[in-house]
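For reference, the chain that follows is the form predicted on its own, supplied as structure tokens.
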Amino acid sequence: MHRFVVRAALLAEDSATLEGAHARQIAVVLRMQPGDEITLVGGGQEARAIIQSVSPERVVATIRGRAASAGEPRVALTLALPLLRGDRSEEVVEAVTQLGVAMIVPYVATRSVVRALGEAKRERWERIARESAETARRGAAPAVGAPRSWAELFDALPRPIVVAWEGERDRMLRDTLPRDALALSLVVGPEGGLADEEIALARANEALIVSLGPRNLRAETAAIAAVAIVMDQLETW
């Protein structure tokens, strides 16, 4: 059954109206008809819905049943993601959404190559996250926060905060994670790495500084690997 991520409030109604990209996909790409079933997901919930009317501009469906989604992890993981060159940030957004990230906070550090995220680009991240969440059969798509500077970042992240840094040699990520955490923030550095003064600011904000291993990783590889480690260690079935 085809799944569509929508606003959580939409699932509280008896009837749901889908417009924009969702309506075009249902009507033009999938060629669905009245009477066909779809699944609407949002806010960790999912609902079975029966299509009542279809057009490329608007699809109306009647909601017939609701349940908690089985696709959401126990821990709400926020990923602080540096702006990366080319399509690398988008590749990370797609992968970490499938792994279960609850929120993505873009940021700029001292050694960041890319230093701005336009609104159109941020909306593209949101669309990629939504489509990736649908592919992964999740019950919600991660929110994409407003871009932050390093100085602003720690006020925007849920505690506890874990920072992966290539300069750390002793404390491994997998050995540092708080096993009973229901929320956690993970920070990975940009292409040029994090500066010593940035790590000092992270420590001043009580962040845990950890290593991902003895090899230097590209920023996009580090982000995906770190999220996979967190989910492997903290997710329960």
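From 1 onward, residues are counted along the sequence shown. Quantities reported herein were computed from a predicted structural model and do not represent experimental measurements.
The following text describes the form predicted together with a small molecule, which does not appear among the structures shown.
- Contact with the small molecule in the predicted bound form, judged by any heavy atom within 4.5 Å, is made by just one of G192, P178, G44, P56: G192.
- Taking I38, L184, A207, L212 one by one, only a single residue has any non-hydrogen atom within 4.5 Å of the small molecule in the predicted bound form, and it is L212.
- Proximity of E166, N216 and A222 to the small molecule in the predicted bound form is complete: all three residues have a non-hydrogen atom within 4.5 angstroms.
- Using a 4.5 Å cutoff between non-hydrogen atoms, V188 counts as a contact of the small molecule in the predicted bound form.
- None of 57 to 65, 193 to 201, 44 to 52, 28 to 36 except one has non-hydrogen atoms within 4.5 angstroms of the small molecule in the predicted bound form; the exception is 193 to 201.
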